[in-house]
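For reference, the chain that follows is the form predicted on its own, supplied as structure tokens.
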Amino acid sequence: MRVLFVGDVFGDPGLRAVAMHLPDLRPHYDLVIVNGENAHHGKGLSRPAYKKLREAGADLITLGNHAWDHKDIYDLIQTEPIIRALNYPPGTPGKGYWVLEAQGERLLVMQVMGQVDMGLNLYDPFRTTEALLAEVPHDYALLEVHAEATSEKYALGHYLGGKVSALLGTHTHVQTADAGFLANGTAVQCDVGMTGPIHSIIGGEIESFLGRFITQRPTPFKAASGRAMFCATELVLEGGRCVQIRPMRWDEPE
């Protein structure tokens, strides 16, 4: 089973990059998963943005800490293949996992949000993930960890003791160079990276984001425009485990 995971799609540049690259890549993969929590101008997932991601070839859309920033998500998450963090409290709209099927095998896709420096007070991602793995039948398991701390992502990978085929991080918008395997066999990468504007501060307009650091005061949020990059990670799943992990990045020409 070949799986492509596309990193945080940010605003119009990110949607453009997906439209440019994903249709050509799609025939090479059994399943495509896309993080779309920043697809609507950098905050949230709107219905038009969701439609563009699906038309480009996404089988499943994941969210994150901006899950609830656009009103459309409250309807979308009830009927469409979209997941939010698993470790939200009971009663939260939607679900935190999805089972995809390809070549007669089942891939359990889960997302949790970290607890370190995320500004949220969600349930324990360690035990929440462990409980779901025991509950839902699957052949392979992919855990997306939407979190700030690299240490928390690696800790989850070690804690789960090889029960997940792969652990991919999102949220920081910076592609990391650590793709590889833990001793327990789990494939890991701390952050898949961002699919969005190259000349930006993690997707935001440089001038507006700089103001936050220079003045130490809130400044209006504005998504950056211009050339885009496309960041994704390829997973090859075989014989009950991940046997290959390969990050990729393309930059839009000048």
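In this text, residue numbers run from 1 along the sequence as written. Quick caveat: nothing in here was measured; it's all calculated off a predicted structure.
What comes next is about the form predicted in complex with another copy of the chain, which is not displayed.
Peer 1: Taking a heavy atom within 4.5 Å as contact, would all three of Lys71, Val99 and Gly162 count as contacting another copy of the chain in the predicted bound form?
Peer 2: No residue of the spot touches another copy of the chain in the predicted bound form.
Peer 1: To test your reading of this chain, name the stretch in 100-108, 83-91, 132-140, 162-170 whose heavy atoms come within 4.5 Å of another copy of the chain in the predicted bound form.
Peer 2: Looking at the other structure, the answer is 83-91.
Peer 1: My question is simply whether Phe209 lines the interface with another copy of the chain in the predicted bound form - judged by any non-hydrogen atom within 4.5 Å.
Peer 2: Yes, Phe209 sits close enough to another copy of the chain in the predicted bound form that at least one of its heavy atoms falls within 4.5 Å.
Peer 1: May I ask you to state whether His28 is within 4.5 Å of another copy of the chain in the predicted bound form, using heavy atom distances?
Peer 2: The answer is no: His28 has no heavy atom within 4.5 Å of another copy of the chain.
Peer 1: Is there any non-hydrogen atom of Asn121 lying within 4.5 Å of another copy of the chain in the predicted bound form?
Peer 2: Yes, Asn121 sits close enough to another copy of the chain in the predicted bound form that at least one of its heavy atoms falls within 4.5 Å.
Peer 1: State yes or no: in the predicted bound form, is some non-hydrogen atom of Asp178 no more than 4.5 angstroms from a non-hydrogen atom of another copy of the chain?
Peer 2: Yes, Asp178 sits close enough to another copy of the chain in the predicted bound form that at least one of its heavy atoms falls within 4.5 Å.
Peer 1: Taking another copy of the chain in the predicted bound form, which residues of 194-209 have any heavy atom within 4.5 Å of it?
Peer 2: Read in sequence order, the residues that approach another copy of the chain (within 4.5 Å, in the predicted bound form) are His199, Ser200, Ile201, Ile202, Ile206, Phe209.
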